[in-house]
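Taking the form predicted alone, here's one chain by itself in structure tokens.
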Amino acid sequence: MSALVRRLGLSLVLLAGITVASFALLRVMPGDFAEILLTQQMDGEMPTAEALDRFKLEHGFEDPLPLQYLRWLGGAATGQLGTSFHSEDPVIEELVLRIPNTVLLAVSSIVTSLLIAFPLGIGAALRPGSLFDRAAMMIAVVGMATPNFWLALLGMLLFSLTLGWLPVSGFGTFAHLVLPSLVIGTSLAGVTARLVRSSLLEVLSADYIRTAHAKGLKRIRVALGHALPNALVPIVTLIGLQLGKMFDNVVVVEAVFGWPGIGRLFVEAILGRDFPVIQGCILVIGVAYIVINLTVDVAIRWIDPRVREAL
């Protein structure tokens, strides 16, 4: 419990840093932030000096930065993240609509990566040095080295344009989910497969594994029932890191496949200089990183009693 409390405290400190970065990012960009906001509201027309001064006074831009930050933080805590320049909808509504789509893509991608990585890693660990081992690790390296955008284009060319099995882009059916999940899952599966193999090989050389073999248990049963549970700690840690870095993948994949998630919203906001949406996306992504890392820490302590005893 004390370790969890300490971790929660550090997470709160990190969250405070993220809110400061999200608030300050747009203030340190070139140009007058208030002038940019007013110009956007006036559909690109340059405001007069008098109009700009009045706008700054009405919206508190003349206040000290700490006071502006506290006012913005209070609004963010209540879901008041401003209004999108382009859609003129509240930013929180834009995020609420997009986040479930990104979560769906992230979860399906992780599941896809595990379905690829575990058979490859376990099979390679059970036959070290064999042809299957070399082929599996070569596939893993290729998956790690291939950029997501290139893999996405190859998937479109093969499964959509050539075979006609899957739609090129869009959202709404299971078929639309398959190709983006496969692209992200394939890129994540490479490093996971290599870690599964190395972790299992380390555990398979332990004394209690040799004892299990001496009792006449089948090799696959020993690997899955005795070795794999004890090799899960680094694998769970890696999966947590991959979930945390998932936004790096979904930004590219959602943009390529037209998937209406937060990654695509972030790209559109950057291209359109939609500053309130950019701030909201940064805040949501930062909170997601913190929650995922905290969840992984708790999961590791639950899986491995040795971690709990060491704290």
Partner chain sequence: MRAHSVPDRSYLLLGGALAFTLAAPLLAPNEPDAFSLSLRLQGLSLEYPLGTDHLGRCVLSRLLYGFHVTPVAAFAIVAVAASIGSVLGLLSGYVGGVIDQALMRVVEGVFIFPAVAVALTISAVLGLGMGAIIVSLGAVHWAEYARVVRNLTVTEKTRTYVLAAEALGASPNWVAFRHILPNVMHAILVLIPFSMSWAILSFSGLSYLGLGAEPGSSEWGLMIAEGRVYMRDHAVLVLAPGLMILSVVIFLNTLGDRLRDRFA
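Positions refer to the first chain, counted from 1. Not measured: the values here are computed from a predicted model.
The same protein has a further form, the form predicted together with its partner chain, not shown here; the description that follows concerns it.
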When you measure heavy atoms, are F61, W72 and I99 every one within 4.5 angstroms of its partner chain in the model of the complex? no
Which of 124-132, 73-81, 141-149, 197-205 sits within 4.5 Å of its partner chain in the model of the complex, heavy atom basis: 141-149
In the model of the complex, is there a heavy atom of its partner chain that lies within 4.5 Å of any heavy atom of F23, even though the partner is absent here? no
Would L271 count as a contact of its partner chain in the model of the complex, using a 4.5 angstroms cut-off between non-hydrogen atoms? yes
Partner contact for N293 in the model of the complex: its partner chain, 4.5 angstroms, heavy atom: yes
Flag G286 as yes or no: does it have a non-hydrogen atom within 4.5 angstroms of any non-hydrogen atom of its partner chain in the model of the complex? yes
Its partner chain in the model of the complex - contacting residues of 237-256, heavy atom within 4.5 Å: L241, G244, K245, F247, D248, V251, V252, A255, V256
